[in-house]
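Let us start with two forms of the same protein chain, each given on its own as structure tokens and named structure 1 and structure 2.
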Structure 1
């Protein structure tokens, strides 16, 4: 596609909302709480915040500038900016990462649809914590239902991606982001007023730094990349649709703040609620799905219609938040196939949808009938999560920071970050310093420390 006929996002708010729509999703509301629970609470959260600030946000700026400068899908972007070099592999690895993430992410996204229908039919009424654990266990062990929901979700993603950037992505994000935020605030208020919620607050707020070991560092780094959608060219692809006057630094900052706030709010719902009913915080991927129904039942037990209304709304918004993330993942791979192999967008999108559904089936089954088949002690689902979030995204981030910090001409950095000198960016030197030194050294240190790469 030539430069001039590439699509654009319509408005400034649209730019932020679409990027935030990619960032805010299951990573914040489903993955953040269970990683926090697995890694002991407050100390993990602080480490995570450090990773967002020092690694995630600066690398997001780097992705933005690479994308907008090159106006191409993420693989082509590196070829445009560094012709004849091997940097293109950074982009290609990103496309592969996106494909793999979409494969297991859509499984969890499918769960949100099941929970939407369960709350519409009010089948959570009268259950206790034990009941919710059993309900979730039975559901994921079923060979059909989760697979069907996953496929439904993939198709929904597919049709929005086929409709194109502006109409699909931007519109969807504009309505649902603010609504989700308000609902989360209501749920925080409910959760913190449950009996025994105090223990959950303590878990969230009292750091025990003796718990910060290599696995906490790797977990926090992986979560920061995953949650911000950084490290695989997703925001790079979106930035290729940005206009010349988009303020990259400010957009990155806004996205990071919105994304982090949503994650923290989710924490303030899940942990007070989990401790209140005696659910262990380290339940893993099921944590959100067994904890949340308790909040609705306990807080609104006396007003069943309100419990139904709020839970239906919540699961719909969660599904929509997941949708704006799956759209962004899908778009990366679709734009790559469409522009690199000169196939129609429709055909490219079908290939992605088909391939990811295929992966999704195996990931879904690996939690039920295929539980015995493990690799490195992990189910396929856990393996995909580990390899993408904790290895491929940070590795992508490592190379992106090297590319922006060392390979690209300083003039390019300056032109993109300051919009050719029209913006005063106070932190400009700091951003460049982080991209050059702190980010690559920090990521390498965490890898070496935990994975024993040397």
Structure 2
């Protein structure tokens, strides 16, 4: 596919919403509140905001300029910009990372459909904390229900991706992202109106800087890269569909703001609601699929219809957040197969859907009937999570910053960031300095910390 006839996003709003959808996902709604709870509340949020602005946004700009300059999928992007070098492996690692993440992420995404169904049928009524634990454990251990929902979610993702960039990804993003914000705002209004919700709001708004230490800084940097989807090829692939007049700096800033707003709004749902009923937020699946159903029942049990309505809305919100991310992950691999192997977009999409569904089946079973089979002491699901989140993503972000900061000709950086001199970018020199020095060092610390070496 030549650069001249390559697909592109139709509008500037579509660019921002699609890119924001790539970043916004389950990590915003469970990982951010969990990290906030573990690292001092408001003090962590302020540290996180600093990491997003100082590190996350510049690296996002780097991914954007690599994608738009090359006008190719993330694997070929590095080949086009650095022909005959080993930089091509950075792009290929991004494709593999996206494929592996989609393989296990779709499993958790499928859980949101199960819990949406459970909410609609009012299956949570009368359950206590132990009942929710048993409900979640029985569901995950079931050999076919999680697999079925995972497959349904993959097909929904496939349907959008196969329709193409403008008619599929952009059109879906324009619908799903506003819906996601509307649901967030409604749930925030309900949560902050609960009795004793003020304690949760104080936790989010009143910083205690005495709790800020090295672990808080490293945790904030790690969350910033995880949340912004840096290093998995999504942003680079989407940027290859940008028009030449797209303002990369403004787009990166808009995406960072939207992504952070979703995470903070999620905190205003979870903390006030949890504090209201005396429940402290837990991590991961426990927070989303055990603690929060319990919160809804305790907080709104006197009004069963409201408990059902809010529960349904919350899990639809989770499903939308997951879908915006699975679309971008799917597109990374689909674009690669479509362009590198000259196959139709439809065939490429089916290969990705089939391959990720195959991986998803084994990841799902590894949490239930296959949990006794481990590799390096981890189930297949946990292994994929560890390898991608703690090794491949930090490495991807590290090499992106080195590639943009040290390898690319400074003329290329200037042309892409300023749109060939048509934009005045006051912070241009600072962006380049961050990419050359600050970002590689910061990511190196994150990588070392995630491996438990510091």
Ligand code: PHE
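Numbering follows the first chain given and starts at 1. The term rigid core refers to the most C-alpha atoms you can superpose between the two forms while keeping them within 1.5 Å. Note that the structure is a prediction, hence the values are computed from the model and not measured.
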*Decide which single structure shows the form predicted on its own, answering 1 or 2.*
2
*asked:* My question is whether residue 143 is one of the residues whose C-alpha shifts by 2 Å or more between structures 1 and 2, given a fit on the rigid core.
replied: no
*Once the two forms are fit on the core, has residue 400 moved its CA by at least 2 Å between structures 1 and 2?*
no
*Align both forms on the core first, then report whether residue 104 has a C-alpha shift of 2 Å or more between structures 1 and 2.*
no
*Shift in Å of the residue 181 Cα between structures 1 and 2 [rigid core superposition]*: 2.4
_Rigid core superposed, the C-alpha shift at residue 274 between structures 1 and 2 in Å_ = 4.4
